[in-house]
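Next up is one chain by itself, shown in structure tokens, the form predicted on its own.
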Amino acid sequence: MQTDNSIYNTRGRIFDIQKFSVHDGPGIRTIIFLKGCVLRCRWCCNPESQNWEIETMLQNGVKKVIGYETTVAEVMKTVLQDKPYYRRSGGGVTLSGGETLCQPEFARALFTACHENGVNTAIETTLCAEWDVIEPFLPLIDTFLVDIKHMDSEKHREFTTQPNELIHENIKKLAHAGANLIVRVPVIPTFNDTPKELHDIAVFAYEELGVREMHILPYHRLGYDKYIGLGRDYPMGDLPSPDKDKMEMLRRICASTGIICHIGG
């Protein structure tokens, strides 16, 4: 690994590194979770990612510090440990969060280091940022995993605190630029879990954006204990997860538009 390039000294704030993931991009991947997010989705399963500040979370009765400063060089030491697995599986590194675009300098430097070392790159993002922040990432990212949560901006604002016009404008620009896009939709009860809402998103992705692959992700309550550990109320209450039959029905609705639709991913 090169160490004389200034990008390797770029600092950022992360809260976790997850190795040997088979989600969030092709093949076996290392997921780097960055701190900070501009949205506050009610169903967020990583509430510890939302704030830029380093926090303390109670976990199984023990206080755990969430978040730490690091450099690209330090992260790449972990990333390159599994390079043989990336090569064999077509995998690589995915940046997640939080919202990766909240730390653009660090994220760009990390993606540049990955490409310099022959590592495939992916980003999990809401695209809730100005286009001049996003555009420099185009040559650095092999796969964009982009959330489209809802077509109605007011409902999007109600459940995430932000409208969706900027997000949709950015994904159109990405599609026009020829980026490799996969659309992902968290299926959330009371928010976007009707056939019409999912169908509208699929039509937008397939017909307007030209996206060929879509993943629908069933809501779960796995973040509940984190909210309690952070001393916060859980915004989703006791809403149940959609069952397999409902998810399969929604998958078929989306696939009827022509898009390839998977449950999970």
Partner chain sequence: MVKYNIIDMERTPRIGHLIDALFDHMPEIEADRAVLLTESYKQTEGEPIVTRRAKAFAHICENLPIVIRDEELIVGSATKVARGCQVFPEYSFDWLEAEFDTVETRTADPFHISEETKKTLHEVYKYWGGRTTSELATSYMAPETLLAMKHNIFTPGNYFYNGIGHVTVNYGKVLKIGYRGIIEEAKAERAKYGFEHPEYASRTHFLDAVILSCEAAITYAKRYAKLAMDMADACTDAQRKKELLTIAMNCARVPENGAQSFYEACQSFWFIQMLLQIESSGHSISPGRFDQYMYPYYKADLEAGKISPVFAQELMDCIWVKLNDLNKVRDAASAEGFAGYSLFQNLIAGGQTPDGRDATNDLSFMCIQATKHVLLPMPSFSVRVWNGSPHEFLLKAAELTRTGVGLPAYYNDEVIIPSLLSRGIAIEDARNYNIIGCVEPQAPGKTDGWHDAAFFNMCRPLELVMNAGADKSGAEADGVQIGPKTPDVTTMKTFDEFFDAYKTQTNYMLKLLVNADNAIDMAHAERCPLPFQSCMVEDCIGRGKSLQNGGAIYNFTGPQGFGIANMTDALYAVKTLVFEQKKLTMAELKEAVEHNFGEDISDKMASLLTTKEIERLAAQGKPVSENTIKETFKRLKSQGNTSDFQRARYKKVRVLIDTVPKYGNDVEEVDNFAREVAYTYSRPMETFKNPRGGQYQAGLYPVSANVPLGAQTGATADGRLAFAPIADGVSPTAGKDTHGPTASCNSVSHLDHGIASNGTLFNMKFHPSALEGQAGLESFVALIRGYFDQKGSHVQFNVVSRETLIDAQKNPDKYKSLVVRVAGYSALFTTLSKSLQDDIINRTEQSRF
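Numbering follows the first chain given and starts at 1. Quantities reported herein were computed from a predicted structural model and do not represent experimental measurements.
There is another form of the same protein, the form predicted in complex with the partner chain; it is not shown, and what comes next is about it.
For the partner chain in the predicted complex, the listed stretch (99-107, 162-170, 133-141, 82-90) containing residues with heavy atoms inside 4.5 Å is 82-90. In terms of contact with the partner chain in the predicted complex, the residue from 203, 44, 39, 28 that brings a heavy atom within 4.5 Å is 28. 18 is the sole member of 18, 9, 256, 241 with a non-hydrogen atom within 4.5 Å of the partner chain in the predicted complex.
Within this chain, residue 22 lines the site of the partner chain in the predicted complex, having a heavy atom no more than 4.5 Å away.
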